[in-house]
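Next comes just one chain, in structure tokens: the form predicted on its own.
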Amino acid sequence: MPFDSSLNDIKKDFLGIATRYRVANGRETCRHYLDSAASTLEMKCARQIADELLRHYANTHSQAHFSARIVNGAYDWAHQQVLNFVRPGDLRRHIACLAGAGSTALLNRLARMLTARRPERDIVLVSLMEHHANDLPHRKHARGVVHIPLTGEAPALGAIDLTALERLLEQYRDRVNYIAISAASNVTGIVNPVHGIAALAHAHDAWVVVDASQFIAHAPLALSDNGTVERELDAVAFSGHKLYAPGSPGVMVVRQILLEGQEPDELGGGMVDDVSLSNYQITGYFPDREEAGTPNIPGAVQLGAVLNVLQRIGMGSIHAAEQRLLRRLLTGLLAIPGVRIYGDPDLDRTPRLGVVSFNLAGLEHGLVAAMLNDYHNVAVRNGCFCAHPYVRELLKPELWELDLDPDADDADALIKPWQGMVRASLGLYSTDADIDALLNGVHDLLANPAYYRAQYQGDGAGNFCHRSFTVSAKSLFDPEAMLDQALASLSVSTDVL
């Protein structure tokens, strides 16, 4: 059925976009949420579907009563939305599995299973730009991990260096089990040519595992970009909390053949056909055999609803709208003296999604993030974003200028206040006003650095607290006090009855 609402209508349909806070100068304003790379806001229409399902809530794996049948159907529908979204060429080749609280659990599972499947292939190639979730699991389970270099030079590093990748595949011929890469970096938003990498991997009988957590909400991603098996991704993982469905499970789409003939990584209820005191028989039905235990049914259905909405709008339209905002953000930051952008900022040469990490000359990233929040109500993130090796590589030139060695054994303690960046990241709900607020805040801070530095106390670990303006999280949201109010309201309602 066609979608009648416009992209602009959906942009307004998110919980939290009207949240207001009082800032240090006494004004109360709407927050400008530019932290979507960490977690996105919640799409309200999708949440409504999950809430409606709760009226019928029951467990899966039964057809005995009305509610169980409803829930089974809704849970199957969520799996189908995942497959529809990544458009496998042959539905029989791939399965969708929902598990965990994000992509991390599923990437760990893939690392264990793929390593056990071909133990004679002892090398895994991992890109330098990976989030820890798509780096550390492979280090733990593979006998050897080799990191793939990137194009360009710091701080303007680009995507994966395909020539270097080809050399590594030749160097470790017949030993590379799989390649683990991000579709887009969570630090810079830079996009990797995942389908071209898949073709290189398959030419050497290697598989490719793609962490699409930072990509999937921002641009179209099909398992194969031209319909051929050669350029098809073997496994893709992503997180619902970065896809407008906080609290939803993680997602894994994987070639079924990679799971067949091998005992599932997790055992429990719902994935067996029979259990006796001496044995158990695992079901041959996918994806049940990969989803032991009671699933996160409401979260899965909410995620399915988000994917359905995004398909109706069209990921091409969503991507185009975001690229306009991204160009405006990059152009604005690049025009300000004293701003350093990380990753190649040329969008025509190096495509990237809606993520920009930056620093301001002479100012610690923690101070910048604190000031933007306290005075301009701009929510950004600072630090290393669970990608320490990549961030250190991007920072090397300026750390050397400070006579700090990022490769030293005691580097972490020495460079902690300077080892990090400020990250602004876009979502479907981001607006020109959000970009303006960030740029105004950066201008303000660079125009008055001494004043703002005097307002803050640093703790030596990269964190900065305002000396006089303090707002406790509990004063804004106290779960126990809110529960007391809810219970009191319930008591009043009962008395009325």
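Note that residue numbering begins at 1 and tracks the sequence as displayed. Just so we're clear, the structure is a prediction, and the values are computed from it rather than from any experiment.
From this point on, the text means the form predicted together with a small molecule, which you will not see here.
J.: Where, among 307-315, 207-215, 161-169, 396-404, do residues come within 4.5 Å of the small molecule in the predicted complex by heavy atom distance?
T.: Contact-bearing stretch, as computed: 207-215.
J.: So the small molecule isn't shown here. In the predicted complex, which residue out of P246, P345, P295, G102 has a non-hydrogen atom within 4.5 Å of it?
T.: It is G102 that has a heavy atom within 4.5 Å of the partner.
J.: Using heavy atoms only and a 4.5 Å cut-off, determine which of R340, R231, H241, H376 is in contact with the small molecule in the predicted complex.
T.: None of the others qualify; the residue that does is H241.
J.: Using the partner position in the predicted complex, report whether A370 sits within 4.5 Å of the small molecule, counting heavy atoms only.
T.: No.
J.: Is the gap between R289 and the small molecule in the predicted complex 4.5 Å or less for some heavy atom pair?
T.: It does not: once the small molecule is placed as it appears in the predicted complex, R289 has no heavy atom within 4.5 Å of it.
J.: Can any non-hydrogen atom of A133 be found within 4.5 angstroms of the small molecule in the predicted complex?
T.: Yes - in the predicted complex, heavy atoms of A133 and the small molecule come within 4.5 Å of each other.
J.: I'd like to know if N177 sits close to the small molecule in the predicted complex, meaning any non-hydrogen atom pair within 4.5 angstroms.
T.: No, N177 sits far enough from the small molecule in the predicted complex that none of its heavy atoms falls within 4.5 Å.
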